[in-house]
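A single chain comes next, written as structure tokens; it is the form predicted alone.
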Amino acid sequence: MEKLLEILEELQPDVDFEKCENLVDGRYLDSLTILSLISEIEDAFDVQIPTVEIIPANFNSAKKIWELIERLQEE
């Protein structure tokens, strides 16, 4: 989770990712940032994020993103 928070803070340093629960809905992460984030996650955690998983519910908080990463690592 710490590595994920580092990645998020590099992309958007002005957001408190540990507390924010509406990253997409609150427009803290836009589509270009999410694409960059996906690329960083895939490299850092050795996972592939399928297109069907790229939905706001999976990216609205660091916790949800982490749950997605863990689920993909188990597959």
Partner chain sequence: MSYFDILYFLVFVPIVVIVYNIFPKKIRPLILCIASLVFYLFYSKFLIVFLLLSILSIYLSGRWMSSLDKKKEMALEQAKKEEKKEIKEKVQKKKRWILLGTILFNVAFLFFFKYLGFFTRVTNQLLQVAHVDVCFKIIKCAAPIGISFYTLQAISYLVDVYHEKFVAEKKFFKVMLYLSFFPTIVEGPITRFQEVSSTIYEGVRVSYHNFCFGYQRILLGLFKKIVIADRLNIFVKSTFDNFSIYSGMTLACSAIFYTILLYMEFSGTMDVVIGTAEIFGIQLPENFRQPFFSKNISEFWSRWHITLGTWFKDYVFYPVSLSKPVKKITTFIKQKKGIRLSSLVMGAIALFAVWSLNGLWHGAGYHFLFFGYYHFTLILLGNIFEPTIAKICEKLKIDRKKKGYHAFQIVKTSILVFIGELFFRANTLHEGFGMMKKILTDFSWKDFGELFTIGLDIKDYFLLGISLLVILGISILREKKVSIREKIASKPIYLRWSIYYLLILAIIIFGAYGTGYVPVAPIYADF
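For clarity, every value in this text was computed on a predicted model and none was experimentally measured. Positions refer to the first chain, counted from 1.
The discussion below concerns the form predicted together with its partner chain, not included here.
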Determine whether any heavy atom of D46 comes within 4.5 Å of a heavy atom of its partner chain in the predicted complex, and answer yes or no. no
According to a 4.5 angstroms non-hydrogen atom cut-off, is I54 in contact with its partner chain in the predicted complex? yes
Looking at its partner chain in the predicted complex, do all three of S31, S39 and E42 come within 4.5 Å of it through at least one heavy atom? yes
